[in-house]
Every structure is written in C-alpha cells, then in structure tokens.
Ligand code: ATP
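Heads up, the chain below is alone and in the form predicted alone; it's given as structure tokens.
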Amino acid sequence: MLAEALSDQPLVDIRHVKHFYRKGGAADLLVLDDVNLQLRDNEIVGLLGRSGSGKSTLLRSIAGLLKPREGEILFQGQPIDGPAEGLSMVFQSFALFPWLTVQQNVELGLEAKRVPPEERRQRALAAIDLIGLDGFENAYPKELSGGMRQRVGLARALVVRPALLLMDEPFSALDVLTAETLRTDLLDLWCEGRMPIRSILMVTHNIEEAVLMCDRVLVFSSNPGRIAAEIRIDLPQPRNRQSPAFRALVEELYSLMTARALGAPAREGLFPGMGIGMVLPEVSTNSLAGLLETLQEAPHNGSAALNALSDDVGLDADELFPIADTLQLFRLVELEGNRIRLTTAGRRYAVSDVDARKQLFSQHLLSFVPLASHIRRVLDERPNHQAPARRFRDELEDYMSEDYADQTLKAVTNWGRYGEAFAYDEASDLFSLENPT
C-alpha cells in the first residue's frame, strides 16, 4: 500500500509560484506568475520559452537556489527550502573546477555527502565510464573539449544517484554535432534504464531538441512567465526528425512560440512594457537586412514557415525570434502562426539600394519605436540638438531593470545610427543630430 501511495505522489509539485525581480525604487517586476506544474516518475519534461520567460528561474527554484515570494514547491512531498537531497543539476556553462581532475570534479558531490573515499572512487569511476569518458579520469578540464566537459558535469550530477535531474540548457554552449551526439547518448542511457534517476526536467529554447527528447513540453509565455500551453509528445523513441509527425509537432510549437504573448492580455505583447518603457532586443541591422533578403529570394519569395526559415539561415528559434519580432515591430514582416511574410515595405527594403534602405528604415524606426521617436523629439527641441544618453537611461530604469535599460538603449542607438535618425558619441555619451533642420 505504501509503494502504491508513493507512486501516486508527484515527484515535484509546484503550486501557484510567483517570482519578482527587485528594481530598486521602482515597482518590483513580476517574473513568474501563478505557475503550477506536476512532474511524475519516468518522464522527461521540457520547459520551452523565449529568453527571459522565467524558465531558468523556475528551475533554480526547484533546485532550492531561489525562493519564490508566493506559492510553494514540493519535492517528494516535502517543501523545498534550500538545496534538497535527491536533486542534481547540470548547467549550461559546465561549472567545473579547473584545478581538479575529471575524477576529482565528479567526486565533489560525494565528498560533500561524506561518502568514504574508496566508495567515492568506485562510484566516480563508474559514472565516468557510464557517460563515455573512461580513460580521462586524470585529465584536467582545460585538456577536454566542450562536449567532454559537459559529460563531466553530467557524471557529477549522476554520481549522487538523484531522483530528479535538472538540466538548464545543457547543450546550448556546444557546437551542433557535439550537442547532437550528447543528446543521443543521453537518450540511449535513459531509454535503456541505465541512469540512476527517476525523471528529468530540462530548460531549452531549442524546439527540435524539445520534440526529440521530451515526453511533455510546457511552453512558457513571457513578461511575466506563465505556462501557456502543454504539448504531449507521444512519438516512440528513437524519434525521426524527418517524419511527418515530428515535423508537425515542431511546427505546432513554433506557432505557439510566435503567438502574441500566448494568450496574455493585449498590452503584454512580444516586447514587455508600453511606449518608451518597451524592452527591446539587441538585434543588429545586418541580421534584420539578412532575414529580409532571405525571405525575398527563392524559394521563399516573400513568405516562409519559421521552422523552414530557421533551417535555411542556420539559426535556432531563440536566435530567430528576436529578429522576426523586431521586423514585425518595424512593420516590415507579418507573423501569423508558424509563417512569416514580408509586408509591402519589407519587400521594398529587400530590393532597394543602401540609401533607400536607410531612409525607409529611419522612417519606420521613428514611426513605430517609441523610444527612438522620443530621443529624436528631445534632440529636435533643444537649441544645440544634443542630449546626454544618461537622461534616457534614467527614464528607462523607471520601467525596467538596469540591464534591460542598457540593452534597450543600445539597440535603439545602433538602429538610429544606421538609419541616420540621430548620432551618438560614445566618448561624451551624447546623442545629437548631425544635420539638424
């Protein structure tokens, strides 16, 4: 009876969790809003969303590294209050100690648990062998490739025999081929029952990775982060990326990821905030022009499925979406479901010469990006047509964090310089008009 009761109990139970980011004198920023989630035995669950949607914040809360302001998180029926026994985490950045050997890095968790030295050694060697690094026990991290270092991180997480393995974008720092090999090896170990864990919860922004690995995918909206959709992946392992069912799930997830705030109130669009308080991504004008040109050319001829376009330009979803969103903000493309289409202005830009492109870009920048028009208006009104950038940073920090304010101002600065809407001198930190009228 006890075993049956335990099997019915979720491994992780997240109830009405809210997280806030403190912004000094301004109101706290809501990062996660009323998140509810249950994770059960024998499943791989993916948290999928854009950068800044709170996925990693939630993962760190489950790990006991952050404490939510509201709600509770239970692990094996017990509230999490600090790092919990039975949880291990694999990070994006490898997080190895460079002065320790592979074996010493793997043994660290066991040493913290005061496991006797001989048992530590045997368990570490077994974990190293399991993840395919037999023979590298005495190597140092600097002697290993990125993929090998991530395998060490995985061995270190598995050697303590956790019930739950948490993975925070574990393959995103690796090259494409290395990441694919590590995903396949990890799935093989999981499907063969060779990993001493009960479930895996992973954060990813890679849509194909989520469909390839997960049993369930929870799609997060942004600003604030909410679970906007849950997609079950019922395809048998190993999964064929080219199968119609696999491609259909990829397209469905692309459509969900591009939906306007995934059902959030209309004011919470793709960019958080309103007016000059809109948080903007740092997207280069070269990236914007390149995507417009690719869309204009065959075989797309002005319209494409986002997943096909992603393959064509060699960008994953988290790299493609900010470019597409910015082009939509500029009214140069339209996004609908999984499709992106050039507008009339977008087509004109794609076929124009450099001077005509700059003129059109400047017009759309000042018409559709409130911060840009605000900077230009201030410069127009001042007799010397100059204004300190600090003035605009201070204004932005009333709406967003210091980091987001810096990112947003840098984005608009680069766009304004390209379109010659205004100039900026880094040495004096001043905006100006080169040719005031």
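Please read all numbers here as calculations on a predicted model, not as lab measurements. Quick note: we count residues from 1 along the sequence shown, nothing fancier.
The following text describes the form predicted in complex with the named molecule, which does not appear among the structures shown.
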What I'd like checked is whether Q76, L166 and R198 together line the named molecule in the model of the complex, meaning each has a non-hydrogen atom within 4.5 Å of it. no
G54 versus the named molecule, in the model of the complex: is there a non-hydrogen atom within 4.5 Å? yes
I'd like to check something about F392: if you look in the model of the complex, is any of its heavy atoms closer than or equal to 4.5 Å to a heavy atom of the named molecule? no
Can you check whether R376 is within 4.5 Å of the named molecule in the model of the complex, heavy atom basis? no
Within a 4.5 Å heavy atom cut-off, is A63 in contact with the named molecule in the model of the complex? no
Between the options H205, R216, H364, R339, which residue brings a heavy atom to within 4.5 Å of the named molecule in the model of the complex? H205
Contact with the named molecule in the model of the complex, heavy atom within 4.5 Å, among M400, L409, L39, V31 goes to V31
Segment assignment from 364-372, 392-400, 55-63, 377-385: heavy atom within 4.5 Å of the named molecule in the model of the complex: 55-63
